[in-house]
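One chain comes next, on its own, written as structure tokens: the form predicted alone.
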């Protein structure tokens, strides 16, 4: 699964996670194939990105991303706010790779 901005979507891509509006209503369900018409509609609804099936050409594994995160935060020590940021980023990586 990969996250793709609306401007980079292409017809034929398959939705990997349901697309919801601000109220939480499902606008397009998982498994739906995108068409040019659907992509235009999503853009008009101010949807910023969509999760689609498949990996990015240069996709890193979960473990590689977690190792990168550790490396980037290695010099922050026990700084409270940096530790909080690191935890949020780690949770996001874990979520993407579920």
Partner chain sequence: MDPKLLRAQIERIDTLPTIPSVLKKLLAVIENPKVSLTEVGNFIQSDPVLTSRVLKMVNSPIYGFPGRISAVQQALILLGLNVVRGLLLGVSVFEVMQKSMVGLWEHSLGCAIAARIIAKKKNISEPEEISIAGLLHDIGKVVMILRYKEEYEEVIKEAETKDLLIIEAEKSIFDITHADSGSWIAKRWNFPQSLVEIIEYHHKPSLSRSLPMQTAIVHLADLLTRSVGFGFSGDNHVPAVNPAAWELLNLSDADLRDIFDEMDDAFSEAEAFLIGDES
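Residue numbers count along the first chain shown, from 1. Note that the structure is a prediction, hence the values are computed from the model and not measured.
Keep in mind that the form predicted together with the partner chain is missing from the display, and what follows is about it.
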{"item": "Contact test in the model of the complex: residue 48 vs the partner chain, heavy atoms, 4.5 Å", "value": "yes"}
{"item": "is_contact(residue 89, the partner chain) in the model of the complex, heavy atom dist at most 4.5 Å", "value": "yes"}
{"item": "is_contact(residue 11, the partner chain) in the model of the complex, heavy atom dist at most 4.5 Å", "value": "no"}
{"item": "Any non-hydrogen atom of residue 72 within 4.5 angstroms of the partner chain in the model of the complex", "value": "yes"}
{"item": "Candidate site 36, 39 and 42: all three near the partner chain in the model of the complex by heavy atom within 4.5 Å", "value": "no"}
{"item": "In the model of the complex: members of 76-98 within 4.5 Å of the partner chain, any heavy atom", "value": "76, 79, 80, 81, 82, 84, 85, 87, 88, 89, 92"}
